[in-house]
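Have a look below at one chain only, the form predicted on its own, in C-alpha cells format.
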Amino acid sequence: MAALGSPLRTWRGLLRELRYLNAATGRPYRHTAAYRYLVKAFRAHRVTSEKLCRAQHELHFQAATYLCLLRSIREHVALHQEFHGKGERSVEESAGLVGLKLPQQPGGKGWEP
C-alpha cells in the first residue's frame, strides 16, 4: 500500500462503502454497529497536540486497509456477477464477452445455416 492520504478521505471512503453495503437492505448505514464503531474509533484517535501520535497513525493504517478490503470485495462481487458462467454459451456469446465479433459466413452450397 502506498501513501495513506488524508484520514478524512479514508473516513469518507469507509462511509461510502457502508452505504453501498446497506443499499441492498434499505437500512440507513448510520444505524449499523459498524458505523458506530468507526465513529467511536475515529473520535478516540483524533489529532492531538503530540508531535508523534502512533495510535492515530496505526488506526489510519488499519482504516485504510479495511477500506481497501471493502472496496475489493464490492468490485469482486460485481465482476463475479458479470462474468460468472451461466451454463453453456454459444461461440458468438463467448466472443462478444471478450469484445470480439465472429466473421460472417457466406450462405450457399456447402454451408450450414
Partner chain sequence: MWRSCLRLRGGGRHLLTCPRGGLSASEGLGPKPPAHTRAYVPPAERKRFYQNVSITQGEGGFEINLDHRKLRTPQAKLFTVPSEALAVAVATEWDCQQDTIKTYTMHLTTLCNTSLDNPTQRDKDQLIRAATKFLDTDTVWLVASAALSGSRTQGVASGHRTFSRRPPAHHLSAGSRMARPWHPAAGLLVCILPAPGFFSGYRVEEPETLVELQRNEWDPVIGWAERRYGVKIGSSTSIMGPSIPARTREVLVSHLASYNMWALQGIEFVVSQLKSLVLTLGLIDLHLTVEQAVLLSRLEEAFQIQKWGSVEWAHDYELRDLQARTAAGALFVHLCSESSAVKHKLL
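By rigid core we mean the largest C-alpha set that fits within 1.5 Å across both forms. Residue numbers count along the first chain shown, from 1. Nothing here was measured: the structure is a model prediction, and the numbers come from that model.
One more form of this protein should be noted, the form predicted together with its partner chain, which is absent from this view; the next part is about it.
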| property | result |
| --- | --- |
| Heavy atom of Arg43 within 4.5 Å of its partner chain in the predicted complex | no |
| Non-hydrogen atom contact Val39 with its partner chain in the predicted complex at 4.5 angstroms | no |
| Touches its partner chain in the predicted complex: Leu15 (any heavy atom, 4.5 Å) | no |
| Contact test in the predicted complex: Arg9 vs its partner chain, heavy atoms, 4.5 Å | no |
| Contact set, 66-90 vs its partner chain in the predicted complex - heavy atom within 4.5 angstroms | Tyr66, Cys68, Leu69, Ser72, Ile73, Glu75, His76, Val77, Leu79, His80, Gln81, Glu82, Phe83, His84, Gly85, Lys86, Gly87, Glu88, Arg89, Ser90 |
| Exceeds or equals 2 Å, Cα of Glu82 between the shown form and the other one, core fit | no |
| Threshold 2 Å Cα movement between the shown form and the other one for Ala24, core superposed | no |
| Direction of the Cα shift between His76 and Gly87 in the predicted complex, where the change is 3 Å or more | closer |
| Change in CA distance between Val98 and Leu69 in the predicted complex, which is 3 Å or more, as closer or farther | farther |
